[in-house]
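What follows is a single chain, given as structure tokens, in the form predicted on its own.
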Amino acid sequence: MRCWYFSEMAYHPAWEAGLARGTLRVVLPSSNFDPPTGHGLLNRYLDEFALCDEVGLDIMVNEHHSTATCMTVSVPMALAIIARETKRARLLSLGTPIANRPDPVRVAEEMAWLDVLSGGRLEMGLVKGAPYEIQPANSNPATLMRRYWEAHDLILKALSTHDGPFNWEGEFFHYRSVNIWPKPIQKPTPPVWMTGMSVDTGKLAAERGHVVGTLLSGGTAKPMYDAYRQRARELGWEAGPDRLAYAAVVGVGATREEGLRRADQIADYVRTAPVVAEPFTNPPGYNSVGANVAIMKAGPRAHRIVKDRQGNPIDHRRATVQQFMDTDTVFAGTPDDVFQQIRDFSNRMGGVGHLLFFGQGGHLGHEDTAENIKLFGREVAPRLRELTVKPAAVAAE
């Protein structure tokens, strides 16, 4: 199992104002942002990413917009800095919301440039984007998936075509001459990742051989993983754990209490992420009919509910750290505790090859974050790299 450190580089000083307003996204005024404070936080977060390279962890970065939960507004900007400051870590963009980006060829150029700058260390996440970013992007949610797949295909063609310009006339994008410079080091393109939670996403990712990841979704990830494996078999190949990724909060401490405390503070990110004004949670046309039926059955709080291993609904807005652990949203404790929890989760899922590790969030300070990274990188990650998947019957014993 590969381990990727992840932080959304949140601006937590504005969370209290956002909670009072009932939303941390889209309409929270930027008057709640203090630039000198933001300067200090951004540079601190980048120092923490650089530390990962020293302890043998890979690095993941994403982007969000119009929100106090994430200051990373551009994956390429963040990864360019991180690439220059690191030497060994693989660098995962998970990712660029290509259905909301106006220029897919520019995305291809940025990814190729990052791959060259990093010496071929880039992993490229092409994602749909969050529903609450439809409004600031002024996108049409009803055509978002068609736009996503056209952008996806155009980006991969641009990255892998090196014999001169080609023309592109699609439904959404029109280019007379596509001929990106530079070309990437990795051939035909850097490895491609997708994100999702549904069976359909699992099948679509398998058809393209992409890595598929899901964030903070607990046991609901398994149907997507199973669909990926089944579709791969139908297409004549066997999908290993290296095709599957999972993101969770991880808090490691010298004692169990310390690990739980760190995880509880990091989990404040999970508690605040769903604080979104209702009109922005499910724009008309964003979800499929099947997904909307499931949302209606789950009730109005569906976007913030996940079930524990016994099937009990847990509200992310109010969950305790133990409830988060019961939903496999959080792994926490000593290095031994954390290793065992991740191992058991991987076995229940049938084998997961990538852990995306939320190692900082909420009000967790720099010293705690650095210790969390060091303990995980030195005492947990090496054991996870050697992890093998046990059969389900054995894992359940």
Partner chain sequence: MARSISIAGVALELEEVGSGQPLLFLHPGEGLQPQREWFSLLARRFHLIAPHHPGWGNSALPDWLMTVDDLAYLYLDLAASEGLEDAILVGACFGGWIAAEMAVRDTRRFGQLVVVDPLGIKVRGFTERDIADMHAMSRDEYMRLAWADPAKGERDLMQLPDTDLAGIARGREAFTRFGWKPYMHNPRLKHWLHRIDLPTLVLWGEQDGIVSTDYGQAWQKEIPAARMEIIPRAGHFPHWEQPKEFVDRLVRFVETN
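Predicted, not measured: the structure shown is a model, and the values here were computed from it. Numbering follows the first chain given and starts at 1.
Keep in mind the form predicted in complex with the partner chain is missing from the figure; the text below concerns it.
K.L.:
What is the one choice in Gln230, Asn179, Asn292, Thr320 with a heavy atom within 4.5 Å of the partner chain in the predicted complex?
P.N.:
By the 4.5 Å heavy-atom cutoff, the listed residue in contact is Asn292.
K.L.:
Between the options Val73, Leu235, Ala142, Val116, which residue brings a heavy atom to within 4.5 Å of the partner chain in the predicted complex?
P.N.:
Exactly one listed residue reaches within 4.5 Å, namely Ala142.
K.L.:
Taking 4.5 angstroms as the heavy atom distance cut-off, pick the stretch from 77-85, 153-161, 308-316, 167-175 that is near the partner chain in the predicted complex.
P.N.:
One stretch meets the cut-off, namely 167-175.
K.L.:
For the three residues Ile134, Arg146 and Phe280, verify that every one has a non-hydrogen atom within 4.5 Å of the partner chain in the predicted complex; reply yes or no.
P.N.:
Result yes, every residue of the spot touches the partner chain.
K.L.:
Is Gly285 close enough to the partner chain in the predicted complex to count, meaning some heavy atom within 4.5 Å?
P.N.:
Residue-level check for Gly285: yes, a contact with the partner chain.
K.L.:
Is Met296 close enough to the partner chain in the predicted complex to count, meaning some heavy atom within 4.5 Å?
P.N.:
It does: once the partner chain is placed as it appears in the predicted complex, Met296 has a heavy atom within 4.5 Å of it.
K.L.:
Would Thr255 sit within 4.5 Å of the partner chain in the predicted complex, counting heavy atoms only?
P.N.:
Looking in the predicted complex, residue contacts with the partner chain do not include Thr255, since no heavy atom lies within 4.5 Å.
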